[in-house]
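Just one chain is shown here, as structure tokens, and it is the form predicted on its own.
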């Protein structure tokens, strides 16, 4: 699929997601006008707010107005605070970005590190340790792991804070980020370890590796320069998808650690039936997924030159 087809496809997916998000207004059991007017408002006031919000217009007209607002940066206003939705979501984005980057560091450090170690030493203690890590990582729910880490390292040992984001410099940020990043990263790193271990095992058994060994090329060079480069593409794909999802907010982890990100904002909006804010957080998450998936697709040829030679662009 060339570049000219990828971009229209991404735009089409985004428009489809926007339509689904717009439908949330009619699925959530809450009348926007009644929420704004209050429970004791008379029918005339509710009707006036309906007209002010444009809820008395035909559905397609409302959807066109909604899309026009999105494209101009107007994602609506919060029922609870009256603040612009997009501005509020973006104000929570830096905290979510910090958490996402921290989780990716754990993914790559533990997942890829153990995957390379296990693939280079099949059948050894390292391989068995990595297999145990995969089993534990896939079996333990992330929110439960977060509670355990909080109890051990924050409540009992008092090494890390009980929650919240850092307010100081880099060290304070890392200090507050350590436990939530480990909570997200350790559960996800198991998938990276298994995928990379399987990919590297297949590559190390291929003909070109046997030829390289026959020529006297060292195992380290074969592993890191040749086999890893061919096995890393699926990992890169998964990394892009996971990063996009993390940017949409890790709701449970942010709730456990009181992390002021988009996931926490979404949870609070659901609790208060703040429909525009719910729609905004969902749409922001979907936009991040579509944009990063497109970026990953376009970056494939930079990682694997064979795709460039086949005219992937």
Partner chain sequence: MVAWLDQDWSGWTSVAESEASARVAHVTFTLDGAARPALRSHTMQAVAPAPPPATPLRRRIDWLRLAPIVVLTLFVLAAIFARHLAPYDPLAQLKGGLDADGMPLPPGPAHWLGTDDLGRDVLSRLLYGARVSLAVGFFATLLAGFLGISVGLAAGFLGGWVDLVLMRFTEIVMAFPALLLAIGLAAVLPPSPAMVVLTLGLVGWTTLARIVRGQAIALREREFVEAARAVGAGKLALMTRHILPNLAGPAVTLLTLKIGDMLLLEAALSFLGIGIRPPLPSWGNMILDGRDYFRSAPWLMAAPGLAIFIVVVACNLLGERAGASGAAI
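Positions refer to the first chain, counted from 1. Predicted, not measured: the structure shown is a model, and the values here were computed from it.
Another form exists, predicted in complex with the partner chain; not displayed. Remarks below refer to it.
Heavy atoms of residue 242 reach within 4.5 Å of the partner chain in the model of the complex, making it an interface residue. The partner chain in the model of the complex is approached by residue 266, whose closest heavy atom lies within 4.5 angstroms of it. For residue 199, a non-hydrogen atom is located within 4.5 Å of the partner chain in the model of the complex, even though that partner is not displayed. With a 4.5 Å cutoff on heavy atoms, residue 279 counts as touching the partner chain in the model of the complex. Residues of just one listed stretch (172 to 180, 75 to 83, 129 to 137, 216 to 224) have heavy atoms within 4.5 Å of the partner chain in the model of the complex: 129 to 137. Of the residues 108, 212, 97, 238, just one reaches the partner chain in the model of the complex with a heavy atom at 4.5 Å or closer; this is 238.
Proximity to the partner chain in the model of the complex, defined as a heavy atom within 4.5 Å, holds among 116, 89, 186, 195 only for 195. The partner is not shown here, but in the model of the complex the stretch 255 to 273 reaches within 4.5 angstroms of the partner chain through a heavy atom at 255, 256, 266, 267, 270, 273.
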